[in-house]
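In the block that follows, a single chain appears as structure tokens, in the form predicted alone.
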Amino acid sequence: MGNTQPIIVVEDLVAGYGDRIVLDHLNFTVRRGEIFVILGGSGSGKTTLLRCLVGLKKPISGRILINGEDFTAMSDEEQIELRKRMGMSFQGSALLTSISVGENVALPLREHTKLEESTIDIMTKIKLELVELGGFEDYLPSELSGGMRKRAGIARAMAMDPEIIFYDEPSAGLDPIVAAGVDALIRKMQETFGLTSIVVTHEMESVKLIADTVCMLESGQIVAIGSLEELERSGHPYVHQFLARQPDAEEGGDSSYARSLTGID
């Protein structure tokens, strides 16, 4: 990775819904050019943290600094401008089903730039080729496999040449071989373009393949942060339980990890 310059700094972040606190005084730094994985079970606060980082959720208190600027203190217009330098790959790809794959990828360029159509067409083809979907620009999303739709979603997230890209459960719902291909693509995007990648996941196999730094959440708090090797040496009982895929020892236990196993949240 090499570069240790911070690009995102989270300071004392508190967020929640109504009277319920979901994120409890989080502090961490994301370095430029790294793949930073936010890991945790169901109900741990991963999604709320992601929403705060991209400006879709206003925190109760604390700050999020992006390139030294206080993102949380910006006006809506200022946040929109900063988000143009970010990309977002959604869990379900979020492709518009009524338009072609190429039109989906081109959409941010048409919405946020004044580029000529010929230039947009070229850039769209380049982005699709990057994710190994060259020649699929005229296909509808419904004509692609699940893994191909994930790749198309990444191509759209890359459309504006962002410096930060956010991935929400990128390998969810994919078989192990296809998921490994998506993980390899995330690493390729980082290595080729020096992207900073924030990946929200609960898939340990993906973490092993892509993570530079892992931030593990449990009940809205950071219980461990560091490399995967450092987490594996952690003495925190939840970290050990999660990494070892162990259910609760007590019968009828109701930890967030147990809920993630049963689908209850």
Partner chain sequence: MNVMIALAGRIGRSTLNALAACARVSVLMVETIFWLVVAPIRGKGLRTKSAVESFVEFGVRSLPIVGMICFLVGVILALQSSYTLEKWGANRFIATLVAVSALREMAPLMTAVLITGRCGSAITAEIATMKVNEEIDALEVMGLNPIKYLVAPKFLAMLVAVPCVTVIAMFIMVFGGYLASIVVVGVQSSIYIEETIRALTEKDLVIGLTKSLFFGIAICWVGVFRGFQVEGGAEGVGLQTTSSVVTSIFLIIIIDLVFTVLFYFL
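Numbering follows the first chain given and starts at 1. This one's a predicted model, so the numbers in the text were calculated from it and none came from an experiment.
A second form of this protein, the form predicted in complex with the partner chain, is not displayed here; the remarks below concern that form.
Contact at Q91, L96 and H112 by the partner chain in the predicted complex, all three, heavy atom at most 4.5 Å: All of them do, each having a heavy atom within 4.5 Å of the partner.
Which one, G102, G147, P162, P108, lies within 4.5 Å of the partner chain in the predicted complex by heavy atoms? Partner contact (heavy atom, 4.5 Å) among the options: P108.
Exactly one of R51, H236, R233, R63 has a non-hydrogen atom within 4.5 Å of the partner chain in the predicted complex; which residue is it? Of the candidates R51, H236, R233, R63, R51 is the one lying within 4.5 Å of the partner chain in the predicted complex.
Using a 4.5 Å heavy atom cut-off, which stretch among 213-221, 24-32, 195-203, 53-61 contacts the partner chain in the predicted complex? That would be 53-61.
Is M74 a contact residue for the partner chain in the predicted complex, using a 4.5 Å heavy atom cut-off? So M74 does not count as contacting the partner chain.
Under a 4.5 Å heavy atom criterion, is I80 part of the interface with the partner chain in the predicted complex? It does: once the partner chain is placed as it appears in the predicted complex, I80 has a heavy atom within 4.5 Å of it.
Since only the chain is shown here, I'm wondering whether K127 would be in contact with the partner chain in the predicted complex (any heavy atom pair within 4.5 Å). Contact with the partner chain, no.
In the predicted complex, does R151 have a heavy atom within 4.5 Å of the partner chain? R151: no contact with the partner chain in the predicted complex.
In sequence order, which positions of 145-173 have a non-hydrogen atom within 4.5 Å of the partner chain in the predicted complex? Residues within 4.5 Å: R156, D168.
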